[in-house]
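Shown next are two forms of a single protein chain, provided one at a time as structure tokens under the names structure 1 and structure 2.
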Structure 1
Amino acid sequence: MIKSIIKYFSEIFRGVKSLLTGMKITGYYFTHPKEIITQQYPENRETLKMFDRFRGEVVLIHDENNEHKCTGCSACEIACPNGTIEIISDKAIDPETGKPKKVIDKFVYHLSMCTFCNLCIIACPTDAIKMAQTFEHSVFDRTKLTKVLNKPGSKIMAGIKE
């Protein structure tokens, strides 16, 4: 009889003690706000910097003369597992040799189908594309997720060959 009473109270004591052990940790962080690592996201937009290798979206690199390095060889299109990249190429006369040469008309990128696997970047022989660090991709209309990456009026850089 006495044993069962002692057992009853010792169990209550054990329960309260274990709860207090857990509450001690919660209390510690309540009184030490410096240990909290929460980022206030939309407020810290200016200072928030992603890592260099972070994969946000594929971009075609343009220099200040509006020139890019893409030759339209379709290596990225073949490397992509999801059909994200479509290259629509055109024939143009090369001013130096006078022979017809393949140039890109549209570098179409479907962001909605991209899995950010980085295989297109590795496949590119001329390092014409890279991953940008942007990550706020939400739009109201999904057609806006299909992008043409080459800027209007852009040309291929001189000296880039397949």
Structure 2
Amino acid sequence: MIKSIIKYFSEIFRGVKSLLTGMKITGYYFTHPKEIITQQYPENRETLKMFDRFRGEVVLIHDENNEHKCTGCSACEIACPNGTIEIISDKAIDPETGKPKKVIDKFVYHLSMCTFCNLCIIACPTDAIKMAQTFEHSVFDRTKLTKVLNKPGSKIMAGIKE
């Protein structure tokens, strides 16, 4: 009986000691603020700065001539762990060589399935895609989260080989 009472109070003492240890660390950070990292969003949309490591969404980079570096090799599609990227390609005759060549018909990106893991960016051999800094993606219709990344009429840049 006395052993159980002693055990009961020792467990209470250990619990209170653990709580005070955690509160000591919290109290230190509360009284010694280093920097303010909380953003007052959406009031500060004009001054909002995202960190460089932030991953928003996958984008296919186009230049001013509506050209991109994607060869349609499907490395990003294979690297994606949950099928977020879908490359629909077609065969066309290369005017230089006269041989059939793979060309991109559609580069489909399903934002609703993306885990923002960056594996597709790492797998791309031509650096055709990157993670953008966009983050406002709330919509009422989930189908609006499926995007075609290649712009209409876009083509592959000259000099990019598979």
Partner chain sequence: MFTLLDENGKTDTKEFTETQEYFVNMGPQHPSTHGVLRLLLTLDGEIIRRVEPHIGYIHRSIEKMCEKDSYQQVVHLTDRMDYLSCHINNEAVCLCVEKGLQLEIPERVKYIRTIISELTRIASHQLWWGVMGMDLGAITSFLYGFRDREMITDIFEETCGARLTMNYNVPGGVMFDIHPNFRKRTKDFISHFKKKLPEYDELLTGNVIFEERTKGIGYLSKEDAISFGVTGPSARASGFACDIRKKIPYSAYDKVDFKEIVFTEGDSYTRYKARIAEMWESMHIIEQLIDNIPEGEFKAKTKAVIKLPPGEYYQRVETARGELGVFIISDNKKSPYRVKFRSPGFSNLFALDTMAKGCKIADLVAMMSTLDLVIPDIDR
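Quick note, the numbers are simply positions in structure 1, starting from 1. All values reported here derive from a predicted model rather than from experimental measurement. Rigid core here is just the name for the largest C-alpha set that superposes within 1.5 Å across the two forms.
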*Here are two forms of the same chain; which is the form predicted alone?*
2
*Core fit, then Gly15 C-alpha moves 2 Å or more between structures 1 and 2*: yes
_Rigid-core frame, C-alpha of Gly27, shift of 2 angstroms or more between structures 1 and 2_ = yes
_Core superposition result - C-alpha of Ile6, shift between structures 1 and 2, Å_ = 26.1
